[in-house]
Structure formats: structure tokens, C-alpha cells
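Quick setup: one chain, the form predicted on its own, written in C-alpha cells, and binding and motion questions come after.
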Amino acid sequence: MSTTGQTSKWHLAALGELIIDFTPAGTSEEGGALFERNPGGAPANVLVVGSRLGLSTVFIGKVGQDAFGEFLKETIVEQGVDTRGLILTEEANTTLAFVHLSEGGERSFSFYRNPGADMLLHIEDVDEEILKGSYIFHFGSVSMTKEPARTTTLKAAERAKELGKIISYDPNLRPPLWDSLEEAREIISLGLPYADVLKISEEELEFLTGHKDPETGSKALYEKYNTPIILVTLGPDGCFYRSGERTGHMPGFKVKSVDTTGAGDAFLGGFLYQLIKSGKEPSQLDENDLNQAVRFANAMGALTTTKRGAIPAIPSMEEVNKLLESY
């Protein structure tokens, strides 16, 4: 690990949603759809990836004081994530998401949160000591869909930036959670100025920049926000990356995909692990560092699609190394 990472109490802190994903699990004898209860929420997934790879991680967020909330807390504790920033509230229930899978494993979501506990995170709920004690601060846009969590997320990112932390951001567009796509574009863009590492899908890139081509879209983002590292995930085709004027493409790994839930989070967790291991600032990574980090991240993402659910599907270091060595 990097010396900088070692002097921090936590390698990685993430703020945002911790929710239940109900994932399709076949049909009953009567032909009714069966769903499996899986822990979910992109920021939490990223932390679990970090923990699996040996990083110290800490979560900031809110769940309901209910059976689902207790299950989620127990799950991430078992995965080695510090939960001192997790609040259980009686104000609202834990958010539920039903995942619908196509034949190729691509997913869509239906959400039950009106409101959900994750939306009720106030800035007073965010422990300043966690922000001070972390090396990297990660956030996404789901916590920005509604107030008060929206303002809390942006203020926490701003504070982490002031404290000199590396900021990781995943725009993570979920259209059903926004009042309109115009609002989504405007609010998601508010997170971009903070990012040192931006993980964005092809669809999100086109949504935010109007450019489908990763080269053009990432250039537009770099010129506007001066983002040190932009990672455009391309599903099975791997990842296009930009570091200033330097760009590259790292092909993906061919695996039998059953469920893509959590693949992007596994990819990002893998990349952040490599960044911490390098001991360098994002802007200092050279071509070799970037290729190695993105290839490792691709392997993490690919393996996650071979099992159902997000957290249960996250691979171990041993599994990742085995895949890397087979190519």
C-alpha cells in the first residue's frame, strides 16, 4: 500500500445509499417470479470491493430501523466495512429496489422509496472525523436525487476536497429516481467539479456531454472540469481512459455473464485499490500505471457479472489474479 494511504485511518470512505436489491431468482412451482434479497447500493459495493482486496473502508449513510436495515448493517460489517458513519433511523424505511434482468443479464430497476431512509441523510449526520481520516472519498448521484441527501452529498464532497482528499465520483444515472432527465443532468453535473477520478458509462457520457464517442465525450469533460482521470466503462468491451491528453483503451475479459449488477462498482473499487497501491496522486499515474490499474479493474468487473447479486458476486484477489494470469 502507499505510504499516504497507510497514514490515513481509512483508505476509502464512501457516502450514499445502502439498499436492498431484490434480484430475480427463477419462478415458483405456480409460475410466479421469485426474488432473492441481496444487499445493494453502489457506494457500499465499492467499499466491499476495497475490503475484499485488503483496504480499510468506512461507510456514511442511513438505513431504516427495520429488518432490512439491520440485515444491511450486519452484511457490510461481515464484509469488513466500518459502519461508524451508518445511521439507523425510524423516520423512514430502508429503500428497496427490484432488479429486472434481460436474457443477456442487463438490468433495469424499480425503486420503493417514498421517502427511503437513504434520502434523509443530513449534513449533521456526517462525521467530520471520517472525512479527515480517509485517503479517498467516494460518492455517486443516487444520494443526490432528493433533499436533504442531495445537499449533504455535495457539502461532504466539498469538505473532503478542502481537506485535500482524493475524490472519486460515479454519476450512476438511474432515471426512475429523478423527477425529470433535465433535473438529473443538472444535478449530476454538480458533482463533476470535485472528481479526481470519474467512472462513467457510455450511456452516462452521452447523457452528460451529448457525445457518444468516448474520445470526444471525455475530452469535453476534461476541458470543462480538468478531471485528472476519466474512466469510460464499455461493458464487455472493457474501458476507455483519459488522463489529461493521454488516452487509451483496455479490452475486457470474456466471461459468461449472468447478472451485471455491481460490475461497475467492482471495476471502480478495483481501480481505486490500484491507485492506492501505487502511492501516487491520480494526475501522476503514467501509462504503465493506468494500463495495469484498468486491466485489474476490468477483471474485477468481469468476474462480478458471473454470479447473481452485487456484494455476493464480488471476487477475491485470488480469483482476479487467476483470471489475469489466464490472459
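If you're wondering where the values come from, they're calculated on a predicted model, not measured in any experiment. Residues carry their position along the shown sequence, with the first being 1.
From this point on, the text means the form predicted together with adenosine-5'-diphosphate (ADP), which you will not see here.
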Full three-residue contact with adenosine-5'-diphosphate (ADP) in the predicted bound form, heavy atom 4.5 Å, for Tyr169, Leu190 and Thr227: no
Proximity to adenosine-5'-diphosphate (ADP) in the predicted bound form (heavy atom, within 4.5 Å), stretch among 258-266, 28-36, 59-67, 276-284: 258-266
is_contact(Ala302, adenosine-5'-diphosphate (ADP)) in the predicted bound form, heavy atom dist at most 4.5 Å: yes
Exercise: Gly238 in contact with adenosine-5'-diphosphate (ADP) in the predicted bound form, heavy atom 4.5 Å: yes
4.5 Å heavy atom contact, Arg185 to adenosine-5'-diphosphate (ADP) in the predicted bound form: no
Exercise: Arg107 in contact with adenosine-5'-diphosphate (ADP) in the predicted bound form, heavy atom 4.5 Å: yes
Position in contact with adenosine-5'-diphosphate (ADP) when the complex is considered in the predicted bound form, options Thr233, Thr145, Thr95, Ser218, heavy atoms within 4.5 Å: Thr233
Listed residue (Phe253, Tyr222, Tyr194, Trp178) with a non-hydrogen atom within 4.5 angstroms of adenosine-5'-diphosphate (ADP) in the predicted bound form: Phe253
